[in-house]
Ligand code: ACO
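So this first bit is one chain, no partners, the form predicted on its own, shown in C-alpha cells.
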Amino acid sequence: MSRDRIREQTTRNYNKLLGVEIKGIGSYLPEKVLKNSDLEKMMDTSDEWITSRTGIKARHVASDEQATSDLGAEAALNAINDAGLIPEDIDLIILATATPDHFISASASIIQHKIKAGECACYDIAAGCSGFVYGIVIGAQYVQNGKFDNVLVIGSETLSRFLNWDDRNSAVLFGDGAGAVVLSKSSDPKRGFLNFCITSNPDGGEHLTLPAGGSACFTSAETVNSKKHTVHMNGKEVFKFATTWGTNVAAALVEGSLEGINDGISYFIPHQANERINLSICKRLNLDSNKMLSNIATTGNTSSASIPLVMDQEIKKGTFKKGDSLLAVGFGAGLTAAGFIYRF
C-alpha cells in the first residue's frame, strides 16, 4: 500500500475512536531468561554478533508447563485488576497470537476459562506482529459504538516452541511473553485513540511463515523431520518491508492527525523486532530517536506481545503525562502493518 493510500485511510479514521481509553494494562514475562551467552553454548553465534545486528541481549522463555493461554491469562488478570474491574465485567476477549494453544478451540476461550470470566464473547486473531494493534482497533470500535463496555485485548506468544534452534538467523530473535489492555469509554472525550491504520501487503507473505501444520501442508513425518513446523524467515525481505511500511504507516498517522512528527508525538513505540529497523524508521521519519521507547534488549521479539509489554513497562514507570501522544506501529507476518496514535 502506498503512503497516499494509507494517508486516505488515516484521514477517514481521524478522531473516530477518540474517547475510548485504556482503562487498565498488564503484562507477564516467564521466569526463565535465555541470555546471548547461553545461546553461545547452543549454536555458532556470539553475544557481539547478536547484539550488533539486533540490539537483543536476552529473552524470556516459557516453561514446559506454560502455554500461550497461561501467559495471556496472567497478563489479562493484571490488566483487569489495574482497571479496577473483575473478570465478570469483561464483555469481549480478543487474543492476538501466532502461537495458539490449539487450532481448535480458540485460545481466547481458554483464557476466558482460566481467568473465570463470565459468558462473554471470545475469539483469536492472527495478524502476526501487528496483531495487538489489529485487536486494539477492532475492540475499540465495539466500545465506541456502545456494543460493549469493557473489551479485553491480549497479545500473547510462546514463540520459543516454534523455533529451529539450528538456525541462528531466526532463533536468536524471538522470546515469549504477554501483554493486555482493557478498553472502555473515557470520561474525557479528548482522551483516547486519535487515529489508527491497519493494512497488509498482498505480496510477500512467504517471507515470514511457519510452513506446515495447516490445511495446505498437513503434519507428517517428513514435515517434522524437515523442521517445517518452525519459523522460516527471509530476514532481508522482512527488514525491507518493516522499514518501508512501518515508516509509511507512522508518517500517514501523523500527517492525518497532528501538526508534525516531533511537535505532535511525545513518544514512539515500534514493534520490538530489531533495534536497527526501529532506528531506521526514526531516521526516515525525522523523529528524535530519544522519543522511542524500547525493551528489545531484555525481551527480544515477542510478536503480538511486544507493544503492550513496552506500554505497560512505561506506564508503570510514570513515563506518560496527561496530554502526551503515543505513536505505536506494528509490522510482521502477513505481511501486515498497523498503528495508532493514543492521547493520554
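The first residue of the shown sequence is 1; numbering continues from there. Please read these numbers as outputs of a predicted model, since none were measured by experiment.
Below, we turn to the form predicted together with this ligand, even though it does not appear here.
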Using a 4.5 Å cut on heavy atoms, which of Ala140, Ile269, Leu208, Val182 is close to this ligand in the predicted bound form? Leu208
Of Gln66, Thr319, Thr54, Ser294, which residue is found within 4.5 angstroms of this ligand in the predicted bound form when only non-hydrogen atoms are counted? Thr54
Residue-level contact is defined here as any heavy atom of the residue lying within 4.5 Å of this ligand in the predicted bound form; does Ser107 satisfy this criterion? no
I'd like to check something about Ile277: if you look in the predicted bound form, is any of its heavy atoms closer than or equal to 4.5 Å to a heavy atom of this ligand? yes
Given that the partner is absent here, does Asn301 sit within 4.5 Å of this ligand in the predicted bound form, heavy atoms only? yes
Does this ligand come within 4.5 Å of any heavy atom of Phe196 in the predicted bound form? no
Assert contact_stretch over 119-127, 233-241, 186-194, 73-81 against this ligand in the predicted bound form, heavy atom within 4.5 Å, equals 233-241
Those residues of 170-185 with a non-hydrogen atom no more than 4.5 Å from this ligand in the predicted bound form are Val172, Leu173, Phe174
